[in-house]
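So here's one chain in two forms, each on its own in structure tokens, numbered structure 1 and structure 2.
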Structure 1
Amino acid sequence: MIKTQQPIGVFDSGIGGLTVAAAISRLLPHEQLIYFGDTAHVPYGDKSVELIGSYAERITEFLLDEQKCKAIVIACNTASAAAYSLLRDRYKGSVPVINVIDPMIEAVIADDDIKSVGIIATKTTIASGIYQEKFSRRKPQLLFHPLATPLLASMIEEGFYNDNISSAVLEEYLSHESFKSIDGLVLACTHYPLIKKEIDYFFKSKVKLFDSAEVVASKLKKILEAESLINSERKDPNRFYVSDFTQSFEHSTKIFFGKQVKLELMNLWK
């Protein structure tokens, strides 16, 4: 039987999913998080669905069997597209499994003020067509405009945001002709919450931004509330694991989580 005091498992192909973890910590301050960044296999974007699925299965086994997590959050668009159905079906009726894509879709289609929405993401996510397919099927009248923005994630990881470099790159992307008439924009990469203010400034606050970190944290809270799994007691410290370790990764955690965290090396494929 799942107990409220058990931690929440969050995983990503790297450390970008720490934006989701940070949003969860802000919204659910009493919850302990166990984060796993599969830095040994990053990026997932150039790997097959089958291989990503095998990585996701092993990480989830670690989070559930060894860390005793009460819920799993797939804090990565590529892993969500490739492995969510697999994990959902495997653990159905056992633990909640939340991905980053469906909560974003739900948030957009539930907003009747949004008639035309832009989507910015990595090349892999845009090429998968998953957002386009789900919008077409669930709200056919909604106009959507996908745009691959491949420089943004690497730019953010290198610490270039809220500066002249990021402003120039963002202006090049966001000035795209298809974005002239949008009233909403989906930030479909877990790196992008870090440049949300810059994007809002570009659009003069006239375009509603759908932030994956906030949307997913809100969805998780609703699920935990519905299943009476909210922890209201004092939490144990969060723990952060990676499958490969470099000092640059540890330094970058401050960018994504908002404060320095200590990474623990955990190779699940020995």
Structure 2
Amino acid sequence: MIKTQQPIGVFDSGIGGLTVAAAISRLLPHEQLIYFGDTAHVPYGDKSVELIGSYAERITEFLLDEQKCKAIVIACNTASAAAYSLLRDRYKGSVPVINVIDPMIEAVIADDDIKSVGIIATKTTIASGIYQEKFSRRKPQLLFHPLATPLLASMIEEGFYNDNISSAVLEEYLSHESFKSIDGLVLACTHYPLIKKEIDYFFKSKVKLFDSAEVVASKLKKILEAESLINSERKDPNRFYVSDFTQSFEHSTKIFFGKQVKLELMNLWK
């Protein structure tokens, strides 16, 4: 197979990464995507760096060795924080590996209206200190306010959004003292675009919200162009694998991806 026609591998702990996959699909309509949602191990956000690293390695092997992907997108902040350097070093010079954190950092620091930014993410992402470290190194004058919001990813994964439960949980988190004076908020979890409207409503549209979907898709496009890997000819159907089949996943895929997808069960840990 010609390299340009090989698919792009995208993975997340569950359905959240479908927000990134959907943006890639819109921007690069000829590319075939192979999505892997590790629903057997979701949420990643309360697991150790070592465990997430071992899951990410196994999924990447599947996407590269069995699915012959030409690039890997880690469509999960937690896995990006825990395993990006591991995967980048391992596959250096063979396939591009893209994380969701760096494009988000670029988008925030390029926006001169943002002086004080909140960061909401899983416990593991916040504890890794990766956003804090990158913001202070790249734009020392930027004030940042990290907050772990561990309930959100599971809440969304279970289908609770745009309802009374999500609004009560969000109210509790977003009323945090440190968010009183922010002008931007980084949605540092790929599940959060699903609750973006509710967050915007909470802040009365006065806080600019950053999510990774579009910025990651355009970063991927630039990298594929630079490496002459763009597929402009044909497109095989996307494939969506999950390591465990859950009804909430099937129900929510349509909302996350924008259209109905057929899920295939693939247990990589048998």
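Quick note, the numbers are simply positions in structure 1, starting from 1. Here the structure is a predicted model, which is why all the values come from computation and not from measurement. Think of the rigid core as the biggest set of C-alphas that the two forms share within 1.5 Å after superposition.
**Student:** Report the structure number, 1 or 2, for the form predicted on its own.
**Tutor:** Of the two forms shown, it is structure 1 that corresponds to the form predicted on its own, while structure 2 does not.
**Student:** Choose from Ile230, Leu51, Asp211, Leu87 the one placed at the hinge of the motion between structures 1 and 2, with one rigid part turning against the other.
**Tutor:** Checking each of Ile230, Leu51, Asp211, Leu87, the hinge one is Asp211.
**Student:** Report the rigid-body rotation angle of the smaller part versus the larger between structures 1 and 2, as an integer number of degrees.
**Tutor:** Spelled out, the smaller domain pivots 16 degrees relative to the larger domain.
**Student:** Report, to one decimal in Å, how far the Cα of Leu187 moves between structures 1 and 2 once the rigid core is superposed.
**Tutor:** The shift comes out to 2.6 Å.
**Student:** Could you tell me the distance the CA of Ile165 travels between structures 1 and 2 after a rigid core superposition, in angstrom?
**Tutor:** Displacement of the C-alpha, rigid core superposed: 7.3 Å.
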